[in-house]
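Next up, structure tokens for two forms of one chain, structure 1 and then structure 2.
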Structure 1
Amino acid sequence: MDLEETKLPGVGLRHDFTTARGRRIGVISTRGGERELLVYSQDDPDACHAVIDLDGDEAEVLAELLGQPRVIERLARLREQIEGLATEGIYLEDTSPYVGKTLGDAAIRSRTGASVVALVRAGEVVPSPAPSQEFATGDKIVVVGTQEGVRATAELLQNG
């Protein structure tokens, strides 16, 4: 199955694929973390039959229902158990200075005190990514740390 990625300047990314039964489906990932699920018309492949807006929580629930490992759910439960622990999924935009660079290049833990515990790319979870893991546009980087450390990581990944 081919997954097409299209950059949407000022918006984010769109990923499209065609099912085995010929239905075209897409997802728009905005810079703000929202998602739009697109179901294209069978008669006109450029027209949408339905567009469903999803916030971050709804997108995660849908991903779980479709089979994404439950790493984020486990982290949420851990966050509830440990006061002061923050967990966040930070999306890497195409303007980030770390696109094409490695986790080791970013030195997130030493610079912010937060830890990268997973990377989600195209629905696939990479738990405990190695320092050699390369970042790509649209990656969701799951970070755990203090609230300040998580915020500093988001700023670092956005602006360097």
Structure 2
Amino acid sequence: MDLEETKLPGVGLRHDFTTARGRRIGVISTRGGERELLVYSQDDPDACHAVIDLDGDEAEVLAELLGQPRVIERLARLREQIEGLATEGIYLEDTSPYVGKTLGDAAIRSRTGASVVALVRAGEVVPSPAPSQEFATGDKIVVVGTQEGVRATAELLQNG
């Protein structure tokens, strides 16, 4: 993919490229921070079919939307690369015997061979939680291990 950069004196910068399917798209970055999304015409490759003005915030949101699925895609690919390794987020239900207990109490690694790599509580991530980390209802416990190890951990957390 060739990204072309063109200076527009007095306006800003224009970046554009042609997609694999032959459509040309581009973005103008003005000095004031506004962005214009350009979709070139198929009939007249020098002209724009559509020009969409975006202010700074809108441009940021659009960029995120365009970028996010790619990040997820890459993560998924990364997971596939390490064969035989399973990752899962296990929700702790209120029937679990480990509500209010600590990660150390559950002794997950010694009993299943899988590791707890993170804990997600109310949208907040606790990476590599310490053995003293307490569990609460609704926690998402992110576990990495073999297929069986991960399954055993889910079983353990649910039934003890």
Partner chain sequence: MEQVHTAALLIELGAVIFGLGLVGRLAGRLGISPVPLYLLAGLAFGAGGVVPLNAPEEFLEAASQVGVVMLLLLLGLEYSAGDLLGNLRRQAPVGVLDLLLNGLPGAAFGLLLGFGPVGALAMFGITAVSSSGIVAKVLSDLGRLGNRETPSVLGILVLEDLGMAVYLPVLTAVLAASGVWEATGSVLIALACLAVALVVALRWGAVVSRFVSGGSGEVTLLRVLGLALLVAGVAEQLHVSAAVGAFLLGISLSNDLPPEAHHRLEPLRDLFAAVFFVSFGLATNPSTLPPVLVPALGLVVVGVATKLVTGWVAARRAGIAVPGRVRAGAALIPRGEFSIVIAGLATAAGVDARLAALAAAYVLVMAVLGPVLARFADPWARAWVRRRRERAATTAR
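These numbers were taken from a predicted model, which means no experiment stands behind them. Under this definition, the rigid core comprises the largest set of C-alpha atoms superposing within 1.5 Å between the forms. Each residue is numbered by where it sits in the sequence of structure 1, with counting from 1.
Here the chain taken from the form predicted alone appears as structure 1, while structure 2 comes from elsewhere. With the core held fixed, Gly12 shows a CA shift of 2 Å or greater between the two structures.
For Gln42, a C-alpha deviation of 2 angstroms or more is recorded between the two structures after rigid-core alignment. The rigid-core alignment places the CA of Pro97 less than 2 Å apart between the two structures. Shown is the Cα shift of Glu60 between the two structures after rigid core superposition, which amounts to 20.1 Å.
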